[in-house]
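Take a look at this one chain, the form predicted on its own, written out in structure tokens.
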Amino acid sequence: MDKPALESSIAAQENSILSTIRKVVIPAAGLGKRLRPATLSQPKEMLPVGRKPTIQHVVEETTATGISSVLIVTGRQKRAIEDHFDREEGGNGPDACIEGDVDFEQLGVSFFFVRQSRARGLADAVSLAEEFAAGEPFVVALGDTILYSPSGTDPLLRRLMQTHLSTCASATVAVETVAKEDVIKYGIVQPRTEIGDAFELSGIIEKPTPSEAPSQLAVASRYVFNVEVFDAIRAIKAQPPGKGGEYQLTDAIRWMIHEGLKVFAVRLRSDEVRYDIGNFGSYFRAFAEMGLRDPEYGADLEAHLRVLLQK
């Protein structure tokens, strides 16, 4: 078999393996308090980053791996998200698409929605997906966080899915290195094995102090789970809530490790960027950087910013 044919065969086998993960859960019920007044009457997930709302970047990232079923967990004042992924009446006809240049219906992507009636934490939001998962492995991608991988490279989510399946893990999480003083903002992992592109975990802790943190590797808002995660969530919900008075997904993952289930981590590459649309500082940076990558307007924006900086 010649090299192009061999590469094509390997790619086909990988795509066939990845097709066993067909579903994604996108939690999008957060209140967005740190982004007020911009989020007083609209979801933070609908704030535009470049040409698209934040959550559309997330949906496009996940469906690019072949995922075909999307469950979005919403809450109060989140109806705009459902409307966005609906079909537009009028315009170019009843079948006009409002999702920019991506026609999700043509791609065979189905959308489902469920409401988290009270803000009880990320683990509680994921627990609402048990019927949707229906016994299958699934991705969790936070709806207020964009993961950027340069075009032409193997994207983070694809590597996450490959690692999950090849290691027979019960949970696999994306991680990135953060500054020592910033560990208190994240779930921080404890590696069991030598840290490489992918490695097994022996522990995880939610928002530790710098002295408590077992590493500087923070969970980067992308996960793959088997259905054992629902048992873990039930277990932690039988106890008082965790940090912030909420049921933390970090605590459910720690329960899985304690029960002897395999949990792996995959590191972001140095050329990959996580954009957390959680406060104005990170939001402004995300919009600026994504705008600079725009094929039509990026060069003009860069020239304008250079003039401003010179002033």
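We number the residues from 1 along the sequence you see. Treat the numbers as computed from the prediction; the structure is a model and nothing was measured.
The same protein has a further form, the form predicted in complex with a small molecule, not shown here; the description that follows concerns it.
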ask   = Exactly one stretch in 262-270, 242-250, 64-72, 50-58 has heavy atoms within 4.5 Å of the small molecule in the predicted complex; which is it?
value = 242-250
query = Taking the shortest heavy atom distance, is K237 within 4.5 Å of the small molecule in the predicted complex?
reply = no
inquiry  = With the partner left out here, check for me: in the predicted complex, does some heavy atom of E206 sit within 4.5 Å of the small molecule?
reply    = yes
request  = Answer with yes or no whether A213 is in contact with the small molecule in the predicted complex, where contact means some heavy atom within 4.5 Å.
outcome  = no
ask   = Applying a 4.5 Å heavy atom distance criterion, does L142 contact the small molecule in the predicted complex?
value = yes
remark   = Heavy atom within 4.5 Å of the small molecule in the predicted complex, from candidates V219, A133, L165, L128, belongs to V219
message = Quick check on this chain: which one of I146, L122, A169, V224 has a heavy atom within 4.5 Å of the small molecule in the predicted complex?
response = L122
